[in-house]
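Presented as C-alpha cells, the chain that follows is alone, the form predicted on its own.
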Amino acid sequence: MMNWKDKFSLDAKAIKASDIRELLKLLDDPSILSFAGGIPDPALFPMNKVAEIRKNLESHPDLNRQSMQYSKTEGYNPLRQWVADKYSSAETEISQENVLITNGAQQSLTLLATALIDAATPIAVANPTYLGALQIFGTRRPNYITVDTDENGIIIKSLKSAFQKGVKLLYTIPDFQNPGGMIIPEDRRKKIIELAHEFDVIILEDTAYRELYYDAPPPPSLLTLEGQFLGEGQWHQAGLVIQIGTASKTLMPALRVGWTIAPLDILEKLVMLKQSNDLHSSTLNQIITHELSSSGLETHIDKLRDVYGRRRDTMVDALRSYMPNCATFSRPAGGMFVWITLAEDMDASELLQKALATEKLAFVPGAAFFANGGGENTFRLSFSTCDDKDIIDGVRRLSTLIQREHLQKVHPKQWS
C-alpha cells in the first residue's frame, strides 16, 4: 500500500489542518448554535444588485462574452483603478499598476509568503493573530517571532524587541483584529512605521475588517501613514508597507476577490507568481465586484455597520450580564469578534467539547491563533451571523457552563 506521506514535499508536510475549518464541518447540524465562523451574514448579501448586474451584462453581448474569457493576470482594469483611487492619499498616489487582483486576501498572503519567506526566515506576528495567515506562512517553515498585544493591539516595546532579532517582515491586522478585535491607535501606528524603517522590515497590512467600524472610523492606515512619514511620492521607491484588501467581508466571500497594493518591483514578482498559479481571477466576479463597488457600496456598508454593530452591542451586553468573574472579554469597536480570556487553569478546547455535547454551542478555542503555542485559556466568539435572541440565549448558556467548569476547578471535592 502506497504511503503518500513519504511522497509529500516539505511544503506539503508543513501545512496543518485549520482548527476552524475542521470545526465548521461539525456545524452542518442545524441544532448547533455557532459563534465560531468569522463569516458575513448571507441575509445581507446584495443579491438583487447582483441580479441587476448580470441582467445588464446579458444586454451587452461583447462585455458578457468578455466576462467569460481569459483575462490579464493583473486583473480587470476598472476594478484595479477603483482600488487605486480608493486607497490613494495626498502623499501616496497609487496607480492601477500598483494593484494586483487576487482570489481573496488569502491568495494575496499566499503569493507574498512565496515571494518573501524562505525556510527559517524570521517573521513577526502578533500574539494572537489570524489563523489563516499562520497556515499560509507555515508552509514556508519560517521562524516566528511573536509580538505581545494588549487592548490596543501590538505593544511597541515587544515589537522593537522582535525587530532587533532580525525579522524580515511583520504581518499585522491594525483594524479590529481577527481574533482579538483590537484596533491599533494612531500613535502606535506611527511608531510601527518608524521602527520598520529603522530596522528595514517589510509590513504586510491586512485591512479585511477596516470598513466594519461601529463607533468611529479607524485611524489612517499604515499605508497612508507611511506616505506621510516618507513624503509625497516616496512610497513608490522607499515604501515598506504592502496592503492587502478584500471584498469578502463587505460584499460576498464567494466572489473570491481581493487585492494587493505594493510598489512595482514586488508587484511584478507577485504577478508572475499568480500567473504560474492560476493565470487570473474570475473575470465575471471582478466585473461584478467593480459594479457593486462603484454604485451604492457606502449605503450597503452602512447597513452592515448598523446590523453588525447592534449584534456587537447585544453580545457585549449579554456578556456583562451573564459572564462570571473568572472570565474577561473585549468590546471591539468593529469587526466580527469578541475575545474571551478564562482563568489560567481553564482550557478552552475542553470547554468547547463540553459546550458541543451539553449545550449545542460552538466557538473557536484561542490556542490556534498563537504561532508558538499558548492561549489555551482563550477563545473567540463571532456575532456576525446570529440574531439578538440567539446571542443572548447562547451567551447565557455558555456563561453558565463556564461558571460550572470554573467551580469544578476551584472546589473539585464538591463535584467528585
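Note that the structure is a prediction, hence the values are computed from the model and not measured. Each residue number is its position in the shown sequence, starting from 1.
In what follows, reference is made to the form predicted in complex with another copy of the chain, a form of this protein that is not presented.
In terms of contact with another copy of the chain in the model of the complex, the residue from M346, V271, A327, A84 that brings a heavy atom within 4.5 Å is V271.
Though another copy of the chain is absent from this view, in the model of the complex it lies within 4.5 Å of a heavy atom of just one residue from I94, I242, I184, A126, which is I242.
The shortest heavy atom separation between P217 and another copy of the chain in the model of the complex exceeds 4.5 Å. Although the partner is absent here, Y171 is not a contact residue: none of its heavy atoms lies within 4.5 angstroms of another copy of the chain in the model of the complex.
Another copy of the chain is not drawn, but in the model of the complex it has no heavy atom within 4.5 Å of S31. Shown alone here, K389 lies farther than 4.5 Å from another copy of the chain in the model of the complex, counting heavy atoms only. Of the candidate stretches 318-326, 150-158, 130-138, 185-193, only 130-138 has residues with heavy atoms within 4.5 Å of another copy of the chain in the model of the complex. Within 4.5 Å of another copy of the chain in the model of the complex, a heavy atom is found for not a single one of D302, A357 and N372. Contact residues in stretch 59-87 (any heavy atom within 4.5 Å of another copy of the chain, taken in the model of the complex) are N64, R65, Q66, S67, M68, Q69, Y70, T73, E74.
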